[in-house]
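Below, in structure tokens: the form predicted on its own, a single chain.
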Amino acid sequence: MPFDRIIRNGNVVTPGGTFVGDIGIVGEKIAALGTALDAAGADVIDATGHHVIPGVLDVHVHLELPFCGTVSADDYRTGTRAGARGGVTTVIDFAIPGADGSLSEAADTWMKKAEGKSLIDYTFHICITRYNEHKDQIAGMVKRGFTTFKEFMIYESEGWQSDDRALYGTLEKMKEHGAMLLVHAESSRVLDELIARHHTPELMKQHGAVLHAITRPNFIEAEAIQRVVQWSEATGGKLYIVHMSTAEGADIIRAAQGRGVPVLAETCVQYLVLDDSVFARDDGHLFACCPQLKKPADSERLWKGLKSGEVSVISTDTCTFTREQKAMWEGDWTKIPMGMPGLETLMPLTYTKGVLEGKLTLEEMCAKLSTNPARIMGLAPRKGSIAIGADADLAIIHPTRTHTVNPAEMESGADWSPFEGWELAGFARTTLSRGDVIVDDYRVVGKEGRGQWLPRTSAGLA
């Protein structure tokens, strides 16, 4: 078989094991795995001394999102260029309806954001923000190729909040249509009460951004997870907890899975490598995200959950704001645009702090960043693994070479990074998306707008 491109002599991570050898690519697909593949007429990429892993799927990003009185600073151009440099070859964003908009209109809006800009492939979770209006639109969205939906248990002021009735009803719809509901789980009424109690000039002057942590104790997340897990157990509707940040949350998920509840969970890399001590820094407001960073013990429990299996996916919840945008807070933590940049550093952080420090094996990292996200979100077998017939989405990384995180040299639209100055291995020397080289020698070389929308079927969710 003549190959268009061969990845030669890399340490190749496949679902069946790791081997040193070659990957043969024809068009956009992986056509062969082996050793000493015939390179006649093929473009050969030497991967000697490097790991070759499946392209990363970041299944939780917010690009060009109107939020907190501004718009997030990474759009589909800068965000997907950043992702590619970190070995990300697929992103899943969240299409959020406008004040009077339908689910279909939300999808159309996000399609337009991505078209002509995205360097890598993409799709969307569809957000249900007005249950009474949106519940009968779910079936049509599934037919259109969208099989994952999202509801927020907070953000009443944004017009996004779903109450228990909506969560219960949507989970019934998920069961009916073979779809899956993603939930932002925080207990809104108690959270609002804690914020109100602390929202005084005296306390804001005394504590500053630390109030972001003070007003979001762990039970704010844990109670909400427990409640929505109950609705999943009652309805049989498939549930996925996004950006889980607490040890208690991981315990709840493990127990629920043990009872056979159809619930899965992700965490985000920032919850694994940072803790809430950052809020005491002079620039602590930059680190405000939702849910917020927790304690070192929570990070330790989440790493253990990744290892033992109750935490299935590592994502980023990328929602980028510049220093100027973050400065909108003017000392009031309730006005900080919540979110951080993360696409570019997802794999480097997971590799450096997870694999190199012995918390995960290389194979386990690939499962949490690639194989599991693709399987769970209905994109397997096309995405998420190095296998014959799969898209040739690949990242080639050096086992030990490090780069210093420097915002001035990064692709993100942010002018800062939570990890500035960190020495990280795991940046992609080479990234391929559907057989195209889009990162070469650590530099983005791919053409913007080449990314494709990925339709899904409910039968693909696993």
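One rule holds for the numbers: they count along the sequence shown, beginning at 1. The structure presented is a predicted model; accordingly, all values stated were derived computationally and were not measured.
As for the form predicted together with N-(aminocarbonyl)-beta-alanine, it is not shown, yet the points below apply to it.
Proximity to N-(aminocarbonyl)-beta-alanine in the predicted bound form, defined as a heavy atom within 4.5 Å, holds among Ile225, Cys289, Val313, Leu182 only for Cys289.
The listed set Asp93, Asp391, Asp317, Asp121 contains one residue whose heavy atoms approach N-(aminocarbonyl)-beta-alanine in the predicted bound form to within 4.5 Å, identified as Asp317. Although the partner is absent from this view, Met338 contacts N-(aminocarbonyl)-beta-alanine in the predicted bound form, with a non-hydrogen atom inside 4.5 angstroms. Mapping the unseen interface onto this chain, Phe67 counts among the residues with a heavy atom inside 4.5 Å of N-(aminocarbonyl)-beta-alanine in the predicted bound form.
Interface membership of Tyr131, defined by any non-hydrogen atom within 4.5 Å of N-(aminocarbonyl)-beta-alanine in the predicted bound form, is ruled out. Proximity of Arg301 to N-(aminocarbonyl)-beta-alanine in the predicted bound form: non-hydrogen atoms within 4.5 Å are absent; the residue sits far from the partner.
Stretch 54-62 is the answer when you ask which of 29-37, 410-418, 427-435, 54-62 has residues with heavy atoms within 4.5 Å of N-(aminocarbonyl)-beta-alanine in the predicted bound form.
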